[in-house]
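So this first bit is one chain, no partners, the form predicted alone, shown in structure tokens.
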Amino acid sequence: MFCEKAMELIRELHRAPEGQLPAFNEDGLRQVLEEMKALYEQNQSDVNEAKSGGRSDLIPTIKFRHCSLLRNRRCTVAYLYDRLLRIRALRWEYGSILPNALRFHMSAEEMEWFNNYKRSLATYMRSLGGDEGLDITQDVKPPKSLYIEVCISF
């Protein structure tokens, strides 16, 4: 029970090949949040009982549940952050329009984040290089040759 669902979220991301986005596991995330709510409520009742009844034998159980809460939180944040990093990498790989297969694997909040990131990147690129801007998403790999030919027209 303790942290198993949260660890499964992390394993799911670990199993997915680099550069691919697995489907957003809303059900798994909801189960982790429900477990966290149950642990918190159990801790609250045990803390109140320990305070009012002077039961110090509950302290190890309270600490264990609290550590489980912290671990669930870390796993949840790691799951969401890794997905955002993958989505950001997809923007650089595919451009501003994602294929439908990738969009299908994203939640509504992730699509909103992607659109905001896309807009911010476009604003930044327009601010570079004068009137036309500079597309920094093109030619992200350096040239193989050390020398390049530059043509200057007057």
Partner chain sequence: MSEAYFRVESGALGPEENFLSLDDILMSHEKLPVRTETALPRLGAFFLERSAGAETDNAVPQGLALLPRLECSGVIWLTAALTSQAQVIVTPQPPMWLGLQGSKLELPLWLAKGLFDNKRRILSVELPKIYQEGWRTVFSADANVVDLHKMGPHFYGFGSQLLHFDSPENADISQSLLQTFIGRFRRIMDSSQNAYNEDTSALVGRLDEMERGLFQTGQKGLNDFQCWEKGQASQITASNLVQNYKKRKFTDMED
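Note that the rigid core is defined as the largest set of C-alphas that superpose within 1.5 Å between two forms. Residue numbers count along the first chain shown, from 1. In this text, all values refer to a predicted model and were calculated from it rather than measured experimentally.
One more form of this protein, predicted in complex with the partner chain, exists but is not displayed; see below.
Engineer: According to a 4.5 angstroms non-hydrogen atom cut-off, is residue 100 in contact with the partner chain in the model of the complex?
Structural biologist: Within the cut-off, so yes.
Engineer: Heavy atoms within 4.5 Å of the partner chain in the model of the complex: does residue 106 have any?
Structural biologist: Residue 106 lies outside the contact set for the partner chain.
Engineer: Going by a heavy atom distance of 4.5 Å, is residue 89 a contact of the partner chain in the model of the complex?
Structural biologist: Residue-level check for residue 89: yes, a contact with the partner chain.
Engineer: Can any non-hydrogen atom of residue 55 be found within 4.5 angstroms of the partner chain in the model of the complex?
Structural biologist: Flag for residue 55 set to yes.
Engineer: What is the one choice in 111, 128, 122, 67 with a heavy atom within 4.5 Å of the partner chain in the model of the complex?
Structural biologist: Selected residue: 67.
Engineer: For the stretch 3-18, return the residues whose heavy atoms include at least one within 4.5 Å of the partner chain in the model of the complex, in the order they occur.
Structural biologist: In sequence order, 3, 4, 7, 10, 11, 13, 14, 18 come within 4.5 Å of the partner.
Engineer: Does the C-alpha of residue 143 move 2 Å or more between the shown form and the other one once the rigid core is lined up?
Structural biologist: Yes, shifts by 2 Å or more.
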